[in-house]
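Before any questions on how it binds or moves, here is one chain, the form predicted alone, in structure tokens.
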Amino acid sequence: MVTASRPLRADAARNRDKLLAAAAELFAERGLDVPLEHIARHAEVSIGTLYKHFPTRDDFVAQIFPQRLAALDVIGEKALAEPDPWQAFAGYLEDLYALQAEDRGLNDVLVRDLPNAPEVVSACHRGAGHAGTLIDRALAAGVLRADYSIADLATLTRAMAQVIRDSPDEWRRFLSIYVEGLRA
């Protein structure tokens, strides 16, 4: 990635911005596996220009997704503010998977191991912290089946990512069936 030691020329800065915009759009539409050549073409720059600014796909992820993942904090805070533990838990799941359904790239980010994107990892850990608190509250209130844990939520998130990829119009029904099965 281009370092901040020397400011970019105006044309180079424009190309970088075009690449970020193209990547953000294509990731949202098609997921993280969109070919980098398609991003370059969509940005109307050469593949060499893309690699000069973003040598790896992880460089795009590190630039684009921390801001998008900030929505996890908003969702978590909203759920934590809900006084009813069941509504807080179920509402958090609904909001989380709605976010994933709106953005295929975000859907992919939430289920992949991305060690080269520490800000992404940090945002995911914060989201897991909110979820853990919500699970603990629901368990303490006796409204969530007693054997449910954060590990189960991680499994659900991977499953929901697949449902969203394969059947984007069916995720709400799947989630509803799953959540109803979790009531104590």
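As the structure is a prediction and not an experimental result, all values here were calculated from the model. In case it trips you up, residue 1 is the first one in the sequence shown, and so on.
FYI, the form predicted together with a further copy of the same chain isn't displayed, but the following is about it.
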I'd like to check something about Ala140: if you look in the predicted bound form, is any of its heavy atoms closer than or equal to 4.5 Å to a heavy atom of a further copy of the same chain?
no
Using heavy atoms and a 4.5 Å limit, would one call Leu156 a contact residue for a further copy of the same chain in the predicted bound form?
yes
Quick check on Arg14: any heavy atom within 4.5 Å of a further copy of the same chain in the predicted bound form?
no
Against a further copy of the same chain in the predicted bound form, would Gly181 count as a contact residue? Criterion: heavy atoms within 4.5 Å.
yes
Segment assignment from 146-154, 39-47, 118-126, 131-139: heavy atom within 4.5 Å of a further copy of the same chain in the predicted bound form:
146-154
a further copy of the same chain: the contacting residue among Val111, Leu114, Ala71, Ala101 in the predicted bound form [heavy atom, 4.5 Å]
Val111
